[in-house]
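The chain below stands alone and is given in structure tokens; this is the form predicted alone.
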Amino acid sequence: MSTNVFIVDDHFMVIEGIRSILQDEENINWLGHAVNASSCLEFLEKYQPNVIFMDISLPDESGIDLCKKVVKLYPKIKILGLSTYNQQSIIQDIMKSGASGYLLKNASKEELLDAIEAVMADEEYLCFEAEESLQNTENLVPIITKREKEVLGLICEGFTNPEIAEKLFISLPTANTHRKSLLAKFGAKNVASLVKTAVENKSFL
């Protein structure tokens, strides 16, 4: 029996990459994709895939919050969290939200197929990097770039995105991207949570 697969991600290259890997598999039926949470929920009103690859960071809503909604509305659907990051807090949050597994976006064909097979057998699946992250209790502070550290410091001082862009001589979209990346890396749902974690870990010093 074929497994119906759907992906929720706002990056076309990720969607096409996974689609191209899975489209020729005999037992995989590609149902399509959504680029945000709202279009995903609209799709699920008409069609219910067996497995959803769900990006953690979506433009209109956290993938973690979307996962909770989907699990509540459609408990039979298996969700595999999808992210660029293997931060412990992010993995824990998506699994607590009802996901059946977690993969990085650079997953190999074998990992994608193993993940689908595992969750369809009602088992959890974590890619190697995710397992390693969960077992690592020593280094829980995210690795951030020099620019992200500068942006984080200004966020903690209360500067807005336009102010940060002006202060660092970068564009507003770039400032927005850095803020979004920092939220994802720290597994923070909002700026207040990000600032609290950053101050505790002295991440911007």
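For clarity, every value in this text was computed on a predicted model and none was experimentally measured. Residue numbers run from 1 along the displayed sequence. If you superpose the two forms and keep the largest set of C-alpha atoms that fall within 1.5 Å, you have the rigid core.
Heads up, the form predicted together with the DNA isn't pictured, but that's what we're talking about next.
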Residue within 4.5 Å of the DNA in the predicted bound form by heavy atom, from P173, G153, G32, P59, is P173
Given 59-67, 38-46, 24-32, 162-170, the stretch touching the DNA in the predicted bound form at heavy atoms within 4.5 Å is 162-170
In the predicted bound form, does K189 come within 4.5 Å of the DNA, counting heavy atoms only? yes
Quick one: is I15 in contact with the DNA in the predicted bound form, heavy atoms, 4.5 Å cut-off?
no
Check whether V195 has any heavy atom within 4.5 Å of a heavy atom of the DNA in the predicted bound form, and answer yes or no. no
Quiz item: With both forms fit on the core, is the shift of the CA atom of I28 between the shown form and the other one 2 Å or larger?
Solution: no
Checklist entry - Just checking, between the shown form and the other one and with the core aligned, does A184 shift 2 Å or more at the CA? => result yes
Per-residue C-alpha change between the shown form and the other one, V195, threshold 2 Å, rigid core fit: yes
